[in-house]
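Next comes just one chain, in structure tokens: the form predicted alone.
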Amino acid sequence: MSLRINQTVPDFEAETTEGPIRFHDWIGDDWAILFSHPKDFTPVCTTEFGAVAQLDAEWKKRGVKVIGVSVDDAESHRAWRSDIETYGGASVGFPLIADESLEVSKLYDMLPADAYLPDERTPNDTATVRAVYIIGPDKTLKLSMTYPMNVGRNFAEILRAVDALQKASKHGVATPANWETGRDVVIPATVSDEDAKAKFGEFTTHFPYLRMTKDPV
């Protein structure tokens, strides 16, 4: 299937490094990030997992659950976790899904339906399993990103995207290019000037369709 923004993400059951889960139940009423990797014990992915572990307090502050997925088994994941913690200098406090069957990878459109894992497989066999999905408490897809194997993901940008999504969801605003928390936000064009004044107070009109107001808290 092809995943689109605002569609309900597929539910599934899977074994993880912290035991079996049903994905929608695991998300509960929180935000969630599902991020994927083509294989354990690969260099770029090790640095990425370390970066996610270092941000543990930031995820928790925003009510975000993080979960990884890779095509190796849970035992391999647990062994890899030691390298991640050594490199990143932080404990891996999130689960990692064992996706040997490629069920999750195919459900989330990371791999074609006829994909399989050959003997003596390498990361190239599952190279497209390099995605990030930000999922809302309503279990719908809010944002997705896909990376090649040779470009490490910027988790500071993913954190910024979470902030923007949560700001938009809570206050009914949009965020401009390069927005960061505390900067002015965009008033949607569907909101009249009168309603904008009542809801946000003062705002700046650059064009009739582009109005900015202070970051609501």
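The model shown is predicted, which means the values in this text are computed figures rather than measured ones. Each residue number is its position in the shown sequence, starting from 1.
The protein also exists as the form predicted in complex with benzoic acid; that form is not presented, and the subsequent description refers to it.
- Candidate site formed by L3, P10 and L141: none of these residues places a non-hydrogen atom within 4.5 angstroms of benzoic acid in the predicted complex.
- The shortest heavy atom separation between A168 and benzoic acid in the predicted complex exceeds 4.5 Å.
- Using a 4.5 Å cutoff between non-hydrogen atoms, V44 counts as a contact of benzoic acid in the predicted complex.
- When benzoic acid is considered in the predicted complex, M149 lines it closely, a heavy atom lying within 4.5 Å.
- For G50, no non-hydrogen atom is located within 4.5 Å of benzoic acid in the predicted complex, even though that partner is not displayed.
- Note on the interface: of 32-40, 178-186, 61-69, 158-166, the segment with non-hydrogen atoms within 4.5 angstroms of benzoic acid in the predicted complex is 32-40.
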